[in-house]
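Encoded as structure tokens, the following chain is the form predicted on its own, with no partner shown.
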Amino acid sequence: MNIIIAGCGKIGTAVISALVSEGHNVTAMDKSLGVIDELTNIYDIMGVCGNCADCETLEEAMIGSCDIFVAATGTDEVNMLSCYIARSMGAKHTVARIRDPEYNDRSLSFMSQTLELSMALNPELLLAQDLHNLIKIPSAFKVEYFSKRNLEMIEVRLKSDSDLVGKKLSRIRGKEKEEFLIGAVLRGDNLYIPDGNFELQAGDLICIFASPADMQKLLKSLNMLKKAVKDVMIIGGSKTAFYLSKILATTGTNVKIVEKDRAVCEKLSESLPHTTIIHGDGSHHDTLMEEGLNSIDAFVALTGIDEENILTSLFAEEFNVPRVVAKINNNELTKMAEKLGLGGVISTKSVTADILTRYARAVENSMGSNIETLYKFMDGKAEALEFRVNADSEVVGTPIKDLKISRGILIAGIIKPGNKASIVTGNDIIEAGDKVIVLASGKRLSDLDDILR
């Protein structure tokens, strides 16, 4: 497909990388000629330098043949205007990055309808939602949900003292009462879709599927469930910090934000009446100690500087804070942080790239794709997809054990109408109207029937 990305900062560049890897024809658009030159040198893409809200610039990018136009500049109003113009000039689908809390809280639905936006994206809000999921399950590296939270997927790193180390999956499944599935294991750089004879080792990153209720019971049974989070400290008064604080306030969690810019502190104090705002430098260890670092349940570093987030998070881990998460957008720094033992790392750009990858696949499928959810996991080596089952699908009516499923594909769960989720067995039969969770490694899926060989 022909896709134009306007605004090639960190978010836009991550989206370009993801879409190029999917095989799409991508055009990068940015006001900076240096940015365009750098991107066209790295990726096999077209580049247009100019204002994305300018008709002549859009014509140069061949907007009339554009399947998806994504406006990801740093200004919400420019993104909305450029999407409106792009749509008027022939773009089939438009996606705008809209970050301002006022738009998202009040008038986003109205504006999306009026401007005929196909999708409005708020990366900071999406990141805040992911952070909330991580904070709820402190032992998890990643937490994702399918089908309105009826099925849960988490990544957990096995420590040497874990009860699972040295045990085969068949033995673990037989011992535990809960319904769950260990669907993937990352050991070093090798990804495994394991069978019952697979034996877990210390250091393995494992992916577990279960309903939220069974997941809580399972983690408690395996001594992986730490105490509930009551007190959270956030470093950096960013938009993500704002959204995360609002989400946590609804659960009765005590939140404290440390921000060194007084003007930002004053603004946050007005908009977050139930959050404690501290004017101070979160990179100073004395400040963190004075604000109770050694008595909190979760520490989240959300400044705009990756290195600062890493260092303050490592300091928090020295005081055994149960859950520590750092926002890191630089891939190389992410790898370094993980080698240093930092347990929780999250990235705004990866969350956004996942969503646009899913959307592009949905648009690409001329039959009307049945992809409802898509997540990258296991360090990007695998995907978890949620498909809506159409009546004409080749998998309908056949027991799963009799389906000729491609190598590297695993059907993990089924959600029946009425939102009843279950982990699959070989005797289960997929029916029209079901939702199916599929794990895929080494194969790009756009439709549920792509799982068959």
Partner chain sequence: MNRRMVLYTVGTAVKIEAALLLLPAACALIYKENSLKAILISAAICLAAGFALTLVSRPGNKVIYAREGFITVALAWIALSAFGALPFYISGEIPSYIDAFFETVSGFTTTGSSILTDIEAMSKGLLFWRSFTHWIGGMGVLVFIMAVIPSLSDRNMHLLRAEVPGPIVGKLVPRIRHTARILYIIYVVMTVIEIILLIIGRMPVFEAVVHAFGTAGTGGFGVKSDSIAGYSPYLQWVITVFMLLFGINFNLYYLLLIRRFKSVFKSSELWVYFGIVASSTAAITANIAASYESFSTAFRASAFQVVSIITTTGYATTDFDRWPVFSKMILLTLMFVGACAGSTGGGFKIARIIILAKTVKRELKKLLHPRSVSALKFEGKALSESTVSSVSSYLSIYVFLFFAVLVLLCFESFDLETNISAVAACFNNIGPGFGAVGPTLSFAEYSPFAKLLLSLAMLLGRLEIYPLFIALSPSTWTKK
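Numbering follows the first chain given and starts at 1. All figures in this text were calculated on a predicted structure; none of them were measured in a lab.
There is another form of this protein, the form predicted in complex with the partner chain, and it is not shown here; the text below is about that form.
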- Heavy atom contact within 4.5 Å of the partner chain in the predicted bound form, the stretch among 39-47, 410-418, 423-431, 393-401: 39-47
- Message: I'd like to check something about N25: if you look in the predicted bound form, is any of its heavy atoms closer than or equal to 4.5 Å to a heavy atom of the partner chain?
- Response: yes
- Although the partner chain is absent from this view, report whether D67 comes within 4.5 Å of it in the predicted bound form, heavy atoms only. no
- Query: With the cut-off set at 4.5 Å between non-hydrogen atoms, does M62 touch the partner chain in the predicted bound form?
  - Reply: yes
